[in-house]
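Consider the single chain below, provided in structure tokens and representing the form predicted on its own.
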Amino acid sequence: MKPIKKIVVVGGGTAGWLTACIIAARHKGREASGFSVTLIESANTPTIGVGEGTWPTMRSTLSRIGVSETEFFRQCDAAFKQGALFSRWTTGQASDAYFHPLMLPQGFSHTNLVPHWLQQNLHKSSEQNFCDAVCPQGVICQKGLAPKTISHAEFEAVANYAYHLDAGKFAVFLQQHACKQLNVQHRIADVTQVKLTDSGDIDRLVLNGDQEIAGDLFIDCTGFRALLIGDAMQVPFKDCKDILFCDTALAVQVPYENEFSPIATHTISTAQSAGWIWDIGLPTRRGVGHVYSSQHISDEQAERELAAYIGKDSVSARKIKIRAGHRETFWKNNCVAVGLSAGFMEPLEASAIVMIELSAKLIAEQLPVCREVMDIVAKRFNATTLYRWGRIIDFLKLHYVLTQRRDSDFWRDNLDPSSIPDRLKELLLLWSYQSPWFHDEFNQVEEIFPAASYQYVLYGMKFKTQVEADTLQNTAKYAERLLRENRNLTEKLGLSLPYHRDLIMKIHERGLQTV
């Protein structure tokens, strides 16, 4: 039996350091028996550094690896994230907007409120939007309120939340935690050669042309370069540009008017002529970027739209090329890809960092005891990860196929049936007769986008589902109670939660209670 004890992570940045932390924390008790995690980072490779949005999973991840939430806020320029506001995606009009919050609809595990909400608004000229009817978080966001108070302990919440953060500072923060608290070994070096065994496993890496490092499992976190999984293991990349057209981003940092300016507690995604603009509020600045299809508008047109959004005549933006897609296989022999080397889609719904978390967690939990069973674990990892990438593609495409916009080739081309995945077509047909709910179509453990997320997007974008009124009789009273409770909760939280910036300032000054 060949035991798996030496884990080698190649590449720093968020992917490398987060993966190293998750694995090292999970297996900390094995250090005495020779278990080790080594991270090799090149001093010559700049990080992408624009992944600034996370999911609520980050709270449990930070807690699990032993990070202080207070120190995370202080050192990573972090802010609370409570969802996303989508503006001008449905009709393109200035009044066109809806929220995708992080809280579930009231009573979600017991009753589907969608048909009741649809029935109540069937004959009304102006309906209450779905989010506000079933969940308080859209109102909390609109008022600029935080999801908790200073009296709540670290990682506890009144309203579910994730974070916005400075990706560059986050990587440094994780590096310090990994090396000081989790005994991750850090080596600054360039990988100049990958040596394989006769069976195709990675045997060792050659560093800076003369040093060598051996390992049992190698994790590729080298970003778009894909040094191990692409170059050494020759795993093909599956392109998805026929489904998701955006292939370029322009990123800028925008200062606040003053240090007391409000901080948005949600990502703002505003649709443009051939893509969309993200707007993320951190305590010290906003991160703003335009994601667009270079097949539909030029870089100069995209820059003008970005400049107009931030109220400038021109901008000096960093250009980032996006290759939408993923590896055909993520774990081959004793090499597994995490982060950009595994795949990337446009940053709509912030799926990049959560895929790092989920992949690293799966590796840590299922880490094969020995090489003899590694291929079995790899097969399961590949099936799960391929399923997750498929659901990300479906969910991102959903935002484009529900649009009523016909004002540019970009929006018209997105409605071409040949660009829509078959599974999404089937679900849209199903949902025209019955709304998604709970685990009807979502039965995987740790589903990447649950049914509630589909509900918020579908009915935020005015999707129509038929309602059979007589099927609602048994749950009508309970549904009305849930809707009434939501109204009461929305009013209560609106009066009791602090403003977002005020809470962050208190966290910096006083800190949150430790768990």
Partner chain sequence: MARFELLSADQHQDLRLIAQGETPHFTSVITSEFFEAANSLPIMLTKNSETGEFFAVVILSMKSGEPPIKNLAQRGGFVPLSLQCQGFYISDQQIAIDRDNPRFSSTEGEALFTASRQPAECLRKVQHTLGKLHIGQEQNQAFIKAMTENQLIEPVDLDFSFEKGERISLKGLYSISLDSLHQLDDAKVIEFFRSGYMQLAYLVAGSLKQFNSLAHMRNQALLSKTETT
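Positions refer to the first chain, counted from 1. Predicted, not measured: the structure shown is a model, and the values here were computed from it.
Note that the form predicted in complex with the partner chain isn't included here; everything after this is about it.
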| query | finding |
| --- | --- |
| Non-hydrogen atom contact A307 with the partner chain in the model of the complex at 4.5 angstroms | no |
| Proximity of R510 to the partner chain in the model of the complex, heavy atoms at 4.5 Å | yes |
| A153: touches the partner chain in the model of the complex, heavy atom cutoff 4.5 angstroms | yes |
| Location of the partner chain contact in the model of the complex, chosen stretch of 180 to 188, 389 to 397, 373 to 381, 143 to 151 [non-hydrogen atom, 4.5 Å] | 143 to 151 |
